[in-house]
Ligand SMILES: Nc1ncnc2c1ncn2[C@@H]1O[C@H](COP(=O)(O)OP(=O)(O)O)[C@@H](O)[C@H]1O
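Have a look below at one chain only, the form predicted alone, in structure tokens format.
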Amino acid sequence: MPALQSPPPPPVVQVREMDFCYGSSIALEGINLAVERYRITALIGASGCGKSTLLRCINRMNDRVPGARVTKGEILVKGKNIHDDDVDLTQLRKQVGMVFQKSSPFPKTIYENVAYGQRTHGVKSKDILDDAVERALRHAALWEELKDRLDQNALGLSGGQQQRLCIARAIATRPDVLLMDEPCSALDPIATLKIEELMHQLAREFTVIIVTHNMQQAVRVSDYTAFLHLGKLVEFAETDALFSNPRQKLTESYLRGTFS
């Protein structure tokens, strides 16, 4: 008899039939998405299509916007509905880290930037903090560059270093999921290449979801791609398949540049 195969692990993030509104305006409608562990998933689409809104739904960052709310459906992270009454937002955002479009280091030392998340969650031991800072900086390919400068102000770093520092800060608490909202849009080509190389390394330990307006970047870095249009998920597939043989005419039109 053939050996029984283990069932595939459940998705880390599941979005089920989700509608999301800003006030009376529908921003996302009927979204279904399943994100696999240790993979990079790219969200693409024209400006205003809802890709950043969808990304921010996953750690409830949109809660900060008055009138913004999920009106239908659910979002699960590791099987848990993130809108359940017993969900602690601080713990959720520890579990689902985020890196923003514009690098935003705190006006503190490099060390304190990376240690911030651990301190927020009550860690006081210097040994634990030291280990967390070094581990995160190594993951962000910054340790060798910065290990002798940890007491310097993070605002003195280059733009690319600042963005990698923000990645280190986001992963220092060991999240399950790392959200990245156009993390390279403000960087030069060399710094962009470093971030893209870093994404592949991060995906060995974290599940990464990235919003990008750069289709070539999606091809280079992602395993799966979701194409959104006017708040709806048009197509979701393995990146190679979506770009080489899209199933939907709208996807094909967007990829060819004939989209209007």
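Residue numbers here begin at 1 and follow the sequence given. Model, not experiment: these values are computed from the prediction.
The form predicted together with this ligand is left out here; the points below concern that form.
- When you look in the predicted complex, the only residue of Asn59, Thr53, Gln217, Thr192 with a non-hydrogen atom within 4.5 Å of this ligand is Thr53.
- This chain is displayed without this ligand, yet in the predicted complex the stretch 45-53 from 218-226, 194-202, 30-38, 45-53 comes within 4.5 Å of it by heavy atoms.
- Annotation for 210-246: no interface residues with this ligand in the predicted complex [heavy atom within 4.5 Å].
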